[in-house]
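Shown next as structure tokens: one chain only, the form predicted alone.
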């Protein structure tokens, strides 16, 4: 192929991807760089005039803002629970569904369906379940343990957030793990069975090492989504009772749009969240990529 033909083909390909690149630049890159700039200012989000304040917003967030620090610790606790529970449940569901000879498609559809729904809507559905349905069941079915203050008690409200987040996220990871399990050759499993390995030994020694790249992806996805959790918490508790269940994204949202209108300060908090997620995910990917090679 001549140089002119290659250039023409490149221009045609660029023309096809240009609309997507334009939308990405306008709606993703420009706000991201704008937020990074405003994090060094005292802009209130409305007044065109603002002043540069350097790292004052960052220093205040990390040293003087007790609510922000509390939201950091709460988010970290939430992330740990979600990374472990969501991936373990997704792997178990994937293994159980793949072990069935019939109805695989039905089960995949049922568990994936929550991903087709907005988590705001799902959160309000679960809010009705926690505040109306469960107390009714507890009263009429004699299941007293269901009659708890699921939204008003910080201990149970955290559990409620975890349950709703698992309901909304496990199905997506399950599909990833199912795809990985389908790539494990049956010949290896049959050879292990001939050698006398039971189901657990086969899974631990053959299946798990071969699906480890999917585990890396699953943990990466869970880390990112958990750190940016907003909609389920907003719909269920609004960060309450008090600020007991306020995640980082909700703290940033309230700082910018509901409380003081300190858009520059909220942007600094958002940049801190971005840097935390970036560092943790880079560490996670580097460690797990090395383990993939060892596996």
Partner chain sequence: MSTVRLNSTSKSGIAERRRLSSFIVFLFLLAGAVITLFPIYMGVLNSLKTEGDMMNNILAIPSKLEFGNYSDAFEKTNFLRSLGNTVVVAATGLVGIILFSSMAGYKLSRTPGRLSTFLFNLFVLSMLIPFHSIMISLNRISMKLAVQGTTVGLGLIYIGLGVSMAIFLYHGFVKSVPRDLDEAAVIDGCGEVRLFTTIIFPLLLPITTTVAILNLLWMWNDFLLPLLMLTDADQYTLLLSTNMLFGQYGNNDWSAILSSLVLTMLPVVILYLLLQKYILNGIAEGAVKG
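A quick note: this is a predicted structure, and the numbers were derived from the prediction, not measured. Numbering follows the first chain given and starts at 1. Think of the rigid core as the biggest set of C-alphas that the two forms share within 1.5 Å after superposition.
One more form of this protein exists, namely the form predicted in complex with the partner chain; it is left out here, but the text below deals with it.
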| query | finding |
| --- | --- |
| Heavy atom of residue 243 within 4.5 Å of the partner chain in the predicted bound form | no |
| Residue 154, heavy atom within 4.5 angstroms of the partner chain in the predicted bound form | no |
| Partner contact for residue 201 in the predicted bound form: the partner chain, 4.5 angstroms, heavy atom | no |
| Distance check, residue 158 to the partner chain in the predicted bound form, heavy atom within 4.5 Å | no |
| Region of this chain that lies against the partner chain in the predicted bound form, out of 204-212, 67-75, 85-93, 184-192 [heavy atom, 4.5 Å] | 85-93 |
| Residues 56, 60 and 280 all lining the partner chain in the predicted bound form, heavy atom within 4.5 Å | no |
| Within 4.5 Å of the partner chain in the predicted bound form: residues from 26-63 (heavy atom criterion) | 26, 27, 28, 29, 30, 31, 32, 34, 35, 38, 43, 45 |
| Core-aligned C-alpha movement of residue 279 between this form and the one not shown reaching 2 Å | no |
| C-alpha of residue 59 off by 2 Å or more between this form and the one not shown on rigid core | no |
